[in-house]
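Heads up, the chain below is alone and in the form predicted alone; it's given as structure tokens.
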């Protein structure tokens, strides 16, 4: 999922920006609206706030800590700046480098792609100054969705009306599509928990939701990889566009991953696989006494098995990435795990906290490789997935 800053300026087409925001959301993107003061004369900020579920940014210097540099914070986190409608005024500001409101400041501060959907009177659109400004912006890499022709709000008929919202969303999607850096690669991702049965009624499990593994599978697919997702029991729906195999136990996950690893360029073991499983009994255990003692047996260690197979020459070109969910000495244990399991990378995360890690939408990890470790700060799991894949790609190229 990408974060799109939707700039809305003061034109009658501002009402269509609501449909653009909806379309971006349906395409799986997160949207934050940035409105000029003139835009609020056409559509109220509350409308966009209700749709995007984010505070709408209007003023350059809003009250609050660090509000005067909020455009810098947003500029570094967005994946696209989309302005729809883009008036002649904002186009001129962008071209001249004027930063007298939040939106124009955001344009100068961001390094994300910029897409404009102009909308104005026909004569304004055809004016030499507007066309020159658009030409200047084009040389800087700014993209544009051409305005449509037809009946305009001013009563004229001609070119200048805002492009259809669906066309704007499609154009935005093209810019948000990452380079196909994994095209032709085969990737296996494991995700979610495993459930180990105690008896026909009860089982032992863990709090993994599968969100991190699903985000990794989705990011690999967006980059053109052929992705196989091996998922344990989850309530979260897996991403579309990937081949998904459902399993329940550690033994089933071991079989599903190892049997497919020979053809894989990368195996990412993001699943929280049980280390031990109860010795299952055939009948429900009756309640008897104050304590219940279970016999537990080791489950197959999937990552370690893959590491041994690669060392033996069975998986000569397969990159191995594992996860280490720890509650103490997180990085030290991840380093030891990488060495012991012969993995190329271990993603270490602290699961002792309730605001990141298991069963939440955010994470904060440390990537441990042979060359050292790199901290990835707190962010959405989609952001963490992007960071992980960006570090995997050079390892894959060397392999």
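This one's a predicted model, so the numbers in the text were calculated from it and none came from an experiment. Positions refer to the first chain, counted from 1.
Heads up, the form predicted together with a small molecule isn't pictured, but that's what we're talking about next.
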Touches the small molecule in the model of the complex: residue 302 (any heavy atom, 4.5 Å): yes
Are any of the heavy atoms in residue 271 no more than 4.5 Å from a heavy atom of the small molecule in the model of the complex? yes
The small molecule contact at residue 29 in the model of the complex, heavy atom, 4.5 Å: no
Indicate whether the small molecule has at least one heavy atom within 4.5 Å of a heavy atom of residue 126 in the model of the complex. no
Contact assignment for the small molecule in the model of the complex, among 275, 166, 146, 243, heavy atom within 4.5 Å: 275
Which residue, 322, 160, 307, 232, has a heavy atom that falls within 4.5 Å of the small molecule in the model of the complex? 322
Which of 322 to 330, 77 to 85, 224 to 232, 307 to 315 lies within 4.5 Å of the small molecule in the model of the complex, heavy atoms considered? The stretch 322 to 330
